[in-house]
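To begin, one chain is listed below as structure tokens, in the form predicted on its own.
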């Protein structure tokens, strides 16, 4: 049965979504209208891939969270479906927060999400009570269980906080259902709890899968846990992260832990820790396993520190990253753009061994909806260049700069002149050494975004741009001689 709150959201979508089509990116998911943040329920269902998201259709600011809904077969072209959930029950009256989805054995679609209920104390402080809830449906319409919530404070380990207990991610393994959920334990930092169920409705606590111990931020949000290339990977998004060199930047961050899963203790023994994405705009990633065995990730291409900065003329706020294929290489998580994007490539423009020493433009190398790979190496055998710069989304006033320094092995992306109307953090630097004197940069651009993949995906960095869409010039610059190869495709979606 569709509630009045959900019907209101669906009626609003039906009335106003047609007016926003011209504003949308070409191949990045948005809510169409209103606000979005975390991806939710990213999972296969009946031969298609469904994606839900945190959603407030009525404004471009965060509000009481609904679940928006799209689906795809190729991760590039998305079909918009009606809003799936609205905050309309006592246990989720203040928001249907993030969660996961799974196809049940009987063919129904199960959504598991965090229901939020706010309560003000006598001293005026507001507490957020968070429990885990379930809705089951057919891929379009969903009904919340009468016995929600299915996991509450009574299931938490000693010291676990009911005020920070959210974002379940589901999977099925060896005949059982499992869920990882973020929690704040007694030490005030973050941990990931593991739960199990025989029927996906009645759940029991298993263990603390992993914990921050105040080393990598505090509350760990939006966990995802999966096997990959012979190891196990835990993705999470810590709040209140402190900077650690150039690997981790402060604020709301993203962390990947790679290691071996001890199935007896139900604990991840970490062997490597790294950032997932080094850009300014990446949070709350979720993954799925495709029918052909690929582990594919998508994330909110935004950040809480920058999310208040938006263009007033746009009727949507927030977008998702391009889906990415994950692998482990030399102990690191690597990611490449989804291969289906290559079917959208138009005419190829290619240059080989172009010598650059100073400023340069190359005929035909421009655009704002493109897939471009730039390979850089020293132009003189015994002479190292000081830096190489690539400028994109450029006109007489705007540009975004990507700079590489071989002496430090670092990349800096500066979007100060990328159309943002407020003074926010616009510069990000991260480690990215070349390979045998060769640096490879793959640049994916859509109307309001730049995604950078370094050295075949050893590093990735995501950035929102508000540069006018007609700012499409691209140029190259170096201090010292460099040889450059360029392969560029316009994307036609």
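Fair warning: this is a prediction, and the values are worked out from it, not measured in the lab. Positions refer to the first chain, counted from 1.
FYI, the form predicted together with beta-D-fructofuranose (FRU) isn't displayed, but the following is about it.
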Exactly one stretch in 264-272, 82-90, 164-172, 401-409 has heavy atoms within 4.5 Å of beta-D-fructofuranose (FRU) in the model of the complex; which is it? 164-172
Interface residue in the model of the complex among 387, 129, 205, 304, criterion: non-hydrogen atom within 4.5 angstroms of beta-D-fructofuranose (FRU): 304
Which listed residue (30, 462, 54, 467) meets the criterion of a heavy atom within 4.5 Å of beta-D-fructofuranose (FRU) in the model of the complex? 54
Within a 4.5 Å heavy atom cut-off, is residue 97 in contact with beta-D-fructofuranose (FRU) in the model of the complex? yes
Looking in the model of the complex, any heavy atom of residue 62 within 4.5 Å of beta-D-fructofuranose (FRU)? yes
Give a yes/no on whether residue 451 approaches beta-D-fructofuranose (FRU) to within 4.5 Å in the model of the complex, heavy atoms considered. no
Is the gap between residue 222 and beta-D-fructofuranose (FRU) in the model of the complex 4.5 Å or less for some heavy atom pair? yes
Members of 29-48 lying within 4.5 angstroms of beta-D-fructofuranose (FRU), judged by heavy atom, in the model of the complex: 37, 38
